[in-house]
Structure formats: structure tokens, C-alpha cells
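Read the single chain below, which is given as C-alpha cells and is the form predicted alone.
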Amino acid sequence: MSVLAMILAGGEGPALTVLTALRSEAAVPFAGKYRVIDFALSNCVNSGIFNVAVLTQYQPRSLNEHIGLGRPWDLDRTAGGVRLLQPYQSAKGHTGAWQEGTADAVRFNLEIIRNVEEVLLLPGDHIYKMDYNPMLRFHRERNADVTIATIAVPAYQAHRFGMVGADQAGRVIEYAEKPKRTYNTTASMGIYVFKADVLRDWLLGRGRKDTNLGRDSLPALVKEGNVYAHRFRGYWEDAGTIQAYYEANMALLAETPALDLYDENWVIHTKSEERAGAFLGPNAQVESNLLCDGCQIEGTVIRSIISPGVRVREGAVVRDSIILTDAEICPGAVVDRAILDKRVRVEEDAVVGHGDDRTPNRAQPARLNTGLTVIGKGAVVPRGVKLGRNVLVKHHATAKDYSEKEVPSGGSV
């Protein structure tokens, strides 16, 4: 049967704070060389699905440049391949083209659902490896209108997800979006298979006012009685908060990580840059890191993710941190338990992650409270400046933005 995959990649991801100030959540770097959307794209091609549409909206430029024609995923095809779809003004004087949610985004692009029998709706901001074929078979065997991919989650995380209750046959009998209280421990992964005609009819008919699939469409569709749940038992992470993003990255440093990026049978493809190999200087000290192409390590790096082109100069120290592409840590600088976005420069003798004070950062929606300091793209930490814990530095901050030589824990620049 013919399948169209629609990847919903237009989300802002405000809980990732400065990491999504200049890019969508789907375009956030992960594991050094990847972007988050690489997982959905790679899952499609590894599952034999080559008809893919990526629905974008918020800050799409970075995502568009990354995907391009789709060559790294073998999606640069005459028939099928990948299409990047942006909102647009459809008629003179017409307003309202800005999409307000996932259902709205799919409705806006219903014209591309042609000559297909099933639509696979995928989040572009989750980290996981999944063969979609077992779910598609499950959907067809039950002649379901909609099938939801589900996964077991701890009860304390239920408020983050759509929670699903199903009978022994897998038929969904209840659905609650981000409930405050529930006895269910089975969560929706935000992955759905729809019969194409059901999706079209619903979004143009009774669900024509729905803006969000999980909040609006699914509870009503469940009442129709032909929605099923397919249990997924592999690795999956919704890294939509700073803490979840940090933990998902750092988990890759385990001796046997749950997410195997070296699996030759399920390669995660990405757009790779032409860079030289990683360089370790004669006085470099490294321990338990993930080092990417083009990085130059002359100082000390311990338990960290070091992205392409990062430079850690002699005398600098990086610990328990995620350093994104082309950042520079100058001599004498210390970075401890931090996330530095692309092209950040930490100048001589500066300290990022200073002291033991854990005063939370109350900036909404950041709520940094676990000791992580986060620095936005292209920002500078001036020479000798000390940033405490839970500090947030905006993108492209310069020396003029620092009023004092020390920013206390919980502060912002």
C-alpha cells in the first residue's frame, strides 16, 4: 500500500530556551554531528518509505539548509523524495495562514495527500530508532482508521504526554492529553498512522476547527471506536526540555548506550561537513568523551560531547558539557556542566558553571534548576568573567551585555 510520511517540524520548542531562539526544535544539534530531525528522516528511509513531506514554520532556515534536496537520506528523487513545505498566503487579502498546531499544519497541506492510502504522521523533534513497518502491518490487520504508537513511561512523567488506555485487542478506549492525574502509564509517542481518506474527511469535516491532533482530534476520534494503539519497545526520547536534552546527549557516553549510533543495520544519516579528523595536542587530556571531526583538543576534556570544529585551547578545561559546532574555549577558561551553542567563545580565564550555588533561573519558560548553564549561539563570555549555575546567556551576547565580572547562579545575560 502507498504511504506518505508527513514530518511535523514547525515547532518552536520554547523549553529549550536559547537553543531554539534561532532554529526550530527539529533543527537542534544532537550527539555532536546530527540534528534531531535526522532520526525521523532516517527511520523513514530505513523503513523503505521514500515519499516524505516536512512541514515547517518556526525559524525554518536552518532546517531547510540542513535537509536541502535530501541527498544524505537518499531522498533526492524525481518521484517521491522529500518536500519542504512552509506556510504561505494563499490568496490576496487572505489571513490566517499561520498554523496554530499540528492538526492545523496537516490541514493546511492536505492537497499533497494524493494517490496514497495511508498517512504516517511523525514528530520531527523526537530522538528514536523505529522501523515503521510493524506498526503499518498492525494498522492494516485491524483495518483501523487511526493507529497510535505508544510507549511505557513512568507515572510521574504522565503530565508531559498524551496518555492512552487500550483494551486487550489494542483498541483505544480512552485518551487524555497531558493529564494532571491518570492511572495509565502508556503514552502516545506522537506518531500516528491514518487512513488517508479518514484524515482528509476529519480535518475538513467534524474536526475542521481542531488545531492540535493530540489535544483536539484524538479524543474525538477515540469516541468513534476505531483507533488502535501499537506498543513500541525500543529507544525513544522526547528531548523537549533542557534537562531531557542534556541527559539524552550525556547518555551516549555510557559504556553501552541505549541509543546505538554505530548500528550498521540502522544508520542514522545526516548532512556531513568536510572536516579533518579530530586533533589531540601533545598536552591534551581526554576521558570518556564523544569527539567529532574537526575538533582540536589541546586542553582537558572530561565526559563531554564535542561537536565538529570545536577548539579547546591548552590550559582550558571542559567537564560534563555539550559544546556545539565551532565553539572555542580559550586558554585558562573552565566550562563545567554547561551547554554551549554554535560559535560560542569563552575567553581567557572565564568560568562557565562557577561555584556550588544552585539558585534556579526563573526566566520563562527556561526554569533552569539542575545546575546547567546554557549559552546561546554566537555569544561571548568575556575574559575573566564568571558565570554561576543555572545561568542563561542570550544568543550573540557581547562583552557590553555583562555589567559585572560575575553573574550569580540563576542570573541571565
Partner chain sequence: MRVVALILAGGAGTRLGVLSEQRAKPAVPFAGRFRIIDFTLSNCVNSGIYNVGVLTQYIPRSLNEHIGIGRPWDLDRSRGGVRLMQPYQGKVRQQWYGGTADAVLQNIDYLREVRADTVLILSGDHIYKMDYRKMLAAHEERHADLTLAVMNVKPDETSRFGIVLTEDDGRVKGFLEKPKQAPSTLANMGVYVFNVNTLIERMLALAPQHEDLDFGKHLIPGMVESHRLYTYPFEGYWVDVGTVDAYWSTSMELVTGASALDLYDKDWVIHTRSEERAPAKVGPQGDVQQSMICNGCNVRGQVIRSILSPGVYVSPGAIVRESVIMNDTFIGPGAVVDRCIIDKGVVVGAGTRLGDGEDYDKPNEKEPGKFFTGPTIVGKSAHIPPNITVGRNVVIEADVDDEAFDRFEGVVPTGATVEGGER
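Every value quoted in this text rests on a predicted model; they were computed, and no experiment measured them. Residue numbers count along the first chain shown, from 1.
Form predicted together with its partner chain: not shown, discussed below.
- Its partner chain is not drawn, but in the predicted complex it has no heavy atom within 4.5 Å of L110.
- The closest non-hydrogen atom of F279 lies within 4.5 Å of its partner chain in the predicted complex.
- Residue contact with its partner chain in the predicted complex: L290 places a heavy atom within 4.5 Å of it.
- Although the partner is absent from this view, N115 stays clear of its partner chain in the predicted complex, with no non-hydrogen atom inside 4.5 angstroms.
- Contact with its partner chain in the predicted complex, judged as any non-hydrogen atom within 4.5 angstroms, is confined among 218-226, 329-337, 279-287, 149-157 to 279-287.
- A heavy atom within 4.5 Å of its partner chain in the predicted complex is found for exactly one of V317, I173, L84, L253: L253.
- Of the residues given (R313, R206, R275, R231), R275 alone sits with a heavy atom within 4.5 Å of its partner chain in the predicted complex.
- Here the marked residues V45, N133 and H139 all miss its partner chain in the predicted complex; none has a heavy atom within 4.5 angstroms.
- The partner is not shown here, but in the predicted complex the stretch 5-36 reaches within 4.5 angstroms of its partner chain through a heavy atom at A31, K33, Y34.
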